[in-house]
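Starting off, we have a lone chain in the form predicted on its own, written out as structure tokens.
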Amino acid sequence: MAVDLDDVRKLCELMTQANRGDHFHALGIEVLEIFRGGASMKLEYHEDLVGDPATGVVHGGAITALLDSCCGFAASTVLDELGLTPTIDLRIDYMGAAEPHKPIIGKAEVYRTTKNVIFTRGVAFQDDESRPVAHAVGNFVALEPGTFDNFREGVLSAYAKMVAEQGGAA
């Protein structure tokens, strides 16, 4: 049985929107798309992310967080039930500096799964995916089914509460 992608989308939105003091808010990361075996996210440019004040270039740590999150969310789309996928290993190859004052897009895909490990790859880019800022390869834990008993109900309840507080419909 495959996880419901709408449930994964709600989990990802909850994780990126609900906790105002977390790294998603500090970095300005938002989910663009969740699909079976993949995800895409956006990192908006802002001065707090600048690693080099002389050039205005975004710090590599912000790009690492974008790609780690994107790969992890992609990994969660291939689970049998809604759950989290802790990072085992993440490698980032920086290909060049991101252009200041422009958002950075992260895209990730799952390229192999085993009983215990989900293998992903991702790319961060700005205007043109063929001109990447960075590439990522990440391995994530596929925890045993049942690890997240009642997790789905908790996520959906918290998501509905968040949407209600924002004045929207779940």
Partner chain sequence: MTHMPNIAEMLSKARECGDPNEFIEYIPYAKMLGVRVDKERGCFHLPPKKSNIGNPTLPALHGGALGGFMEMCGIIHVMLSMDAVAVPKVVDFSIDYVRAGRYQDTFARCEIVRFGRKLVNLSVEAWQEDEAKPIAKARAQMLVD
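As the structure is a computational prediction, the values presented were derived from the model and not from experiment. Numbering follows the first chain given and starts at 1.
Omitted from view is the form predicted together with its partner chain, to which the following refers.
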Since exactly one of E33, E30, E129, D52 fits, which has a heavy atom within 4.5 Å of its partner chain in the predicted bound form?
D52
With the partner left out of view, is E44 within 4.5 angstroms of its partner chain in the predicted bound form by any non-hydrogen atom?
no
Does the 4.5 Å heavy atom contact test between G146 and its partner chain in the predicted bound form come out positive?
no
Is H59 close to its partner chain in the predicted bound form, meaning a heavy atom pair under 4.5 Å apart or at it?
yes
Even though its partner chain is not shown here, does F24 get within 4.5 Å of it in the predicted bound form, heavy atoms only?
yes
Indicate whether the candidate residues M15, L84 and D93 are all in contact with its partner chain in the predicted bound form, with contact defined as any heavy atom within 4.5 Å.
yes
In the predicted bound form, which residues of 62-89 put a heavy atom within 4.5 Å of its partner chain?
A62, T64, A65, D68, S69, L84, T87, I88, D89
